[in-house]
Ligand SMILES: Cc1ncc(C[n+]2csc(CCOP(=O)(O)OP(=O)(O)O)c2C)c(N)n1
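So this first bit is one chain, no partners, the form predicted alone, shown in structure tokens.
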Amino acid sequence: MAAIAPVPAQSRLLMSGNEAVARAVWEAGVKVAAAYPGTPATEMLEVISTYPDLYAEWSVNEKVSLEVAVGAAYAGSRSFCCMKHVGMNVASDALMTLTLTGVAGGLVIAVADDVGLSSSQNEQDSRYWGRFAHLPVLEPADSQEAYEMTKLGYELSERFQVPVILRLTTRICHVKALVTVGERQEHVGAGFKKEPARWVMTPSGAARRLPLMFEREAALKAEAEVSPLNVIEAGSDRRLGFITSGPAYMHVKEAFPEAPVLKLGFSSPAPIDKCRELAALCDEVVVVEEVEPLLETELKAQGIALRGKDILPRIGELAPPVLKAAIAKLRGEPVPAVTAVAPMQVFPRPPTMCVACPHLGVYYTLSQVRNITIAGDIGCYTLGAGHPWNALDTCISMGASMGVALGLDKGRGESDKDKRILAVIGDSTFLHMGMQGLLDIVYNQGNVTVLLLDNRAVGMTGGQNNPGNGLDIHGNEAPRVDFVKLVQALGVKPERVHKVNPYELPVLFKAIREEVKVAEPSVIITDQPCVLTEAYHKLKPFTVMDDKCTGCGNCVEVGCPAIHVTRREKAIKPNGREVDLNFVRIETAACTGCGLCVQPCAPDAIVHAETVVPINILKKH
């Protein structure tokens, strides 16, 4: 991204929550920022990297990114780390000890929860990390608050010498609003001061820090009770009050503008007395939180009578129609009808890979291989589970394909004893958490073939750079990982490592067919860039010669979105079996000339578009 031009102090800018956080990080004088891409958090570091006067990096995973930020905070500098909710699972090993050491310079950890599962494999609630790690949690309700709470987070962090969690959701991350911004205030770090009793967490050292952690938590509880981020809005209709936080506050205010509301911006530790104060104002109280009944459980344990997930769903966003329906049922009133314009009926559009994606050939080939079980991973190639390939059998988390594949091998039942086991993983995911899994396969002599799909980008989150493509976050040259040497260094025999062009289907098919027969670890590396990056170069587009197309449909099975079925017919084969014929055309404007569809075309009906004589010329002659 290009560098951002200086913005005058007190300017108002239209910003998403991610952009607002990035701006606040820069203004707060942060020196080091690190992250691993993950929707809905990705844009924070992308934008931060465009600001001057700080260091930003894409780390190989979230744990490393947090540790980089921790090191900077130990040195007395302000630092920042961001990730999506499942990324905190990866970083938690460092987090759970960091809560004992604390920090010297300010450290804000932004965690973006994907409420509604727009791009994630689960819907976990990151507020639990505040309770689990005894850390303060701030929850903005819009872009302006995301900006302000990020800056306040550094003040809290340095005042209490503790990391601060900024809990965002997809709605906050991506919805834009006007934000009043300021200018950068330089912050000079004091430098690292040796203090082994604090920074070296041996069991004896950690035991001495535990009481200090609980003392700090008590001080944070007192701070939450008086924090201006926790505000009671009295309201005029005292029949029902609400305790809420984050974007759920906006939903409550839209649905019940006259109701008393306790808006929690500093939500952990929970301000119990403040909640009692709100409860005293109302006949009945409802806790509205996305997504788990975390605060509800805490307040009930304190003897505060309230309602929560007994009337509200535990999944998805709590939008005004959801709230209104729940409260109507609570009051015994008719559930309000939702008046909305009926959506236009369109054909289903399931997610699919891009035109000419190098993964298309991989999954087309896998769909043709029989007697295999395929352990998948997190990335664009997860889409291989869908139509028309149906060539993925498991998918759990980043890097899990390796361990799952080994487990499938070692845990074979009688029906699986002759099955071939494959693991599919992308280049960035392999560097993130897959290397250890491959080492485990080699060490434990697993009978697994690994397909390492190197498209030279973190494809699914927007094509960010990683150590596999030789470019840093700014697009500057950086050392590039040699995957062949890397997997050999992890113990895979040189003769069991193959690098292939995924657009050459016969070569790819042969490599897979031969390697799955070998009862030892093997790796097949596909090496073509993501089509959405600058590294990809288009070739001459193809078209279909209608008079030659027999409707065999082989090209359709490749799964390229540029291929459209224009006509379907039934036919009877000489053996009497009925078959479906799919006559197609290629969207030439979208075609990049990868040639995947040409190779399985039985009648050779697919040719370069420029070789076809235009119909109007034929008519003239």
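Computed from a predicted structure; not experimentally measured. Quick note: we count residues from 1 along the sequence shown, nothing fancier.
We do not show the form predicted in complex with the named molecule, though everything after this point is about it.
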Given the stretches 262-270, 469-477, 452-460, 222-230, which is the single one in contact with the named molecule in the predicted complex, using a heavy atom cutoff of 4.5 Å? 452-460
Decide whether residue 121 counts as a contact residue for the named molecule in the predicted complex under a heavy atom distance cut-off of 4.5 Å. yes
Is there any non-hydrogen atom of residue 77 lying within 4.5 Å of the named molecule in the predicted complex? no
When the contact criterion is heavy atoms within 4.5 Å, does residue 246 count as touching the named molecule in the predicted complex? no
Is it the case that residue 147, even though its partner is missing from this view, gets within 4.5 Å of the named molecule in the predicted complex, heavy atoms only? no
Answer key, the named molecule contact in the predicted complex at 4.5 Å (heavy atoms) among 157, 169, 143, 428: the residue is 428
Just to confirm, with a 4.5 Å cut-off on non-hydrogen atoms, which of 111, 492, 505, 398 contacts the named molecule in the predicted complex? 398
Residues in 15-39 close to the named molecule in the predicted complex, defined by a heavy atom within 4.5 Å, in order: 36, 37, 38
